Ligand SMILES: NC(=O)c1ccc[n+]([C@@H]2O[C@H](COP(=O)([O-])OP(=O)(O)OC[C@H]3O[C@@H](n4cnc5c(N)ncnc54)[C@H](O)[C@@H]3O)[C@@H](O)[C@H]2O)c1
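Only one chain comes next, encoded as structure tokens, the form predicted alone.
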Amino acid sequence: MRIVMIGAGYVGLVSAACFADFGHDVTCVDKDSNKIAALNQYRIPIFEPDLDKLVESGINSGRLRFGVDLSDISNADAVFIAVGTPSRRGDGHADLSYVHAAAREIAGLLEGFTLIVTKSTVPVGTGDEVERIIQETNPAADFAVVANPEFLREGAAIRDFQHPDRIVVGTEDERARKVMGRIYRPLYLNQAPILYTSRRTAELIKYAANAFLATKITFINEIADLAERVGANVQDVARGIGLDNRIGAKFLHAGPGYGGSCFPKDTRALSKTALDFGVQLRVVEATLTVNEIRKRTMSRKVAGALDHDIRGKTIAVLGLTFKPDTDDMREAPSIALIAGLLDFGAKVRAHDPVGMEQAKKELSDIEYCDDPYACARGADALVIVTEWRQFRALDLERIRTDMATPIIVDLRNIYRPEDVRSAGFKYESIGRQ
């Protein structure tokens, strides 16, 4: 199949590389000429495990090309729109300007029947608007608009694409179903279920999935607060409820709140979309509020570990990205945490295995260190914010010797309290005594 992918961001780049790996002929187009030039030289603008190898393989095979020219659309079987839909400043709605601009550009280049596939995360009804724009721009165009939301986890995106839980295809057009079936045919061997729905249903599935997972995270975070007060262990609580098949164990890890490119903006957009249709999603609204408060209160938890004597103290922060195995800093809990520590008058130094270059765009008033031990040296407290594997087996004796005060605040519960305390630390974690 001949595929054009519009957008070389996270979703577009991973999707293009994986489709090429399936054997399709893929052209990935982006207006950022510097990004395209870098990709053609095998330089990947984001950190995602094994993506560099997949891109290099696709380019070398001739099945994957990068460019700024949309001319290949005239020969395409399917054109995927994978541009950004950030939160619109001021009101929280998804900004669809890039999606609409892509639809207008596509319209004038269509020849023969072409599938237009929205891969971007978009509110309910966006497919209808894309269809209207194309019809208005090119009344003679023969096309169908399909919703095909992505369900990729940063840090595991390639595996998620190649071994998906499900593939959601929103269309009631028989020709479109056949084309989408051919595009995803290589996954039939993995027995990936394809769920065909209406277009609006597919659009809502994506937002509902992310909102539910965000709610699950927020729920266990609140239970963690209660566990601390009553002397319970939130990890055991999570295991106890997660073994119930109706609940499941995933996304029940207490921490400093969720962040990233999807959950914050998608829960906001879903809430705003609901209000546009006269529906109030009170659970989703509460999730948004509780999560924002939680991220801000983490700095107070750190201050409490120092008996609130924090002004002038040096705090070492391990982990800056919103999760491990990515360099994504979008709405990362570390941002609110560090802002709070600086407001308290603390000095902050930080280390992250891959995210420091991105972090410098968000956090300029802190010191960056090359490794965890340099970060901890002379610090009055060490805070673990992101659960990178590199932080799970630190030399605690070395760190205790190097720190000014042996205090660890573990916001991801990656250590057992008894191990850290026996190493001579004052230890605070989430939802545990």
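Note that the structure is a prediction, hence the values are computed from the model and not measured. The first residue of the shown sequence is 1; numbering continues from there.
Keep in mind that the form predicted together with the ligand is missing from the display, and what follows is about it.
Across the options 163-171, 334-342, 242-250, 146-154, residues that bring heavy atoms within 4.5 Å of the ligand in the predicted bound form belong to 146-154.
Looking at His351, you'd find every heavy atom of it more than 4.5 angstroms from the ligand in the predicted bound form. Although the partner is absent here, Val83 sits close enough that one of its heavy atoms falls within 4.5 Å of the ligand in the predicted bound form.
Within this chain, Arg199 is remote from the site of the ligand in the predicted bound form, having no heavy atom within 4.5 Å. Taking the partner from the other structure, the ligand in the predicted bound form has a heavy atom within 4.5 Å of a heavy atom of Val29. Heavy atoms of no residue among Gly125, Glu129 and Ala274 are located within 4.5 Å of the ligand in the predicted bound form. Of the residues Ala76, Leu318, Ile116, Ala102, just one reaches the ligand in the predicted bound form with a heavy atom at 4.5 Å or closer; this is Ala102. Only one of Arg296, Arg185, Arg88, Arg330 lies close to the ligand in the predicted bound form, with a heavy atom inside 4.5 Å, and it is Arg330.
Annotation for 1-24: interface residues with the ligand in the predicted bound form are Ile6, Gly7, Ala8, Gly9, Tyr10, Val11, Gly12 [heavy atom within 4.5 Å].
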